[in-house]
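In structure tokens, one chain follows: the form predicted alone.
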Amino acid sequence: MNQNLAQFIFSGTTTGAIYALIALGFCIVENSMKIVNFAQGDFLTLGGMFMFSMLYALHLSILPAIVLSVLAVALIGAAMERFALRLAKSKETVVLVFITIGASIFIRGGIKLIWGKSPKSLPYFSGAHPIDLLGARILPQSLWVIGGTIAVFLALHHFFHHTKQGKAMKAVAYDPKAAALMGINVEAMMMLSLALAGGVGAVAGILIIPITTMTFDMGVMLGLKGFAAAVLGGYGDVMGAVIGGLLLGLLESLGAGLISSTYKDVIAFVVLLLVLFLRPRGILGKEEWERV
């Protein structure tokens, strides 16, 4: 394999894994509330910032810092449902989506106040010595990113297909009234979905902060690209989110490497527009965007 091509592919896979994690967060909320959570990218930023504080302010080791950071963002996601979405007088989809946009702005403001505007970064979890693979040089942190994405995907696939809570969450998305009549606590399922989305977003932020410096508004662009990945794969489909994220990351990397890095950020939105025009249900999406 050509060395440069191999480098582009591995780089794109790492980036795509991050997009996939963000897309998975979108899918979780879609599979319970049937809305787009535009605060998903900010959950990523929160995860990275909490990880920074856990390591440098509380001086914890990596594993406890990861667990506490994920739990902290999951609690913020749950609070967003309990004190913002649940209290909305109108449950119309458009209203709830705008609430998530407002929550995104609020979270970014909070991050700026607590952690400031200066970029934050962390050392690699397992060293900075690159690994040679098929002619490409891969940072060990990239393996953390890819492994973390695989682990989250498998956990979510099991959750939605093999647990009562996951099936209840999907039932709430299809018909909240019918789900309530069957004894499902609709509000609890919605809160759980935002908590899970927050936790998944936090994992993405924790894994990416050693690779790139993190700022308070970093989640905006990453969130939009994660949304593009979710739509590309089939909005609401867990497997589609992973495929869409990886494909988008590869397209970006190959486009930047073989054409020009100038168009790197444009590619995601061109792909999003093409998918919406040509195949709105995405690669794995079914008619009327049926969920996993």
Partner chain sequence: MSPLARDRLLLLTMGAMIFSIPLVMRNPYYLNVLNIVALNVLVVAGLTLLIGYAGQISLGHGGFYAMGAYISALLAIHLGWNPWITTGIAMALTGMIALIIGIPTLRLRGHYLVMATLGFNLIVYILLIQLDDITGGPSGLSRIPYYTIGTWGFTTDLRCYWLVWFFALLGLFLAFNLVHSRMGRALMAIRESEVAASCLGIETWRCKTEVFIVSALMASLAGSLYAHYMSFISPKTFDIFYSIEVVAMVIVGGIGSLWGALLGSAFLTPLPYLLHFFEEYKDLIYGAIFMGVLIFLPQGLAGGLVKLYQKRRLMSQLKKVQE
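Positions refer to the first chain, counted from 1. Since we're looking at a predicted model, the values are computed, not measured.
We do not show the form predicted together with its partner chain, though everything after this point is about it.
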* To do: May I ask you to choose, among 165, 121, 185, 90, the residue with a heavy atom within 4.5 Å of its partner chain in the predicted bound form?
  => 90
* Out of 148, 110, 176, 140, which one falls within 4.5 Å of its partner chain in the predicted bound form, going by heavy atoms? -> 110
* Though only this chain appears here, would residue 12 touch its partner chain in the predicted bound form if you measure heavy atom gaps against 4.5 Å? -> no
* Contact between residue 228 and its partner chain in the predicted bound form at 4.5 Å, heavy atoms? -> yes
* To do: With heavy atoms only and a cut-off of 4.5 Å, decide whether residue 258 touches its partner chain in the predicted bound form.
  => no
* Within a 4.5 Å heavy atom cut-off, is residue 63 in contact with its partner chain in the predicted bound form? -> no
* Structure fact -> Exactly one listed stretch (92-100, 193-201, 70-78, 125-133) reaches within 4.5 angstroms of its partner chain in the predicted bound form by non-hydrogen atoms, and it is 92-100
* Asked: For this chain shown on its own, do 30, 269 and 282 all sit within 4.5 Å of its partner chain in the predicted bound form, going by heavy atoms?
  -> yes
* Structure fact -> Across 207-240, the residues having a non-hydrogen atom within 4.5 Å of its partner chain in the predicted bound form turn out to be 220, 221, 224, 227, 228, 231, 234, 235
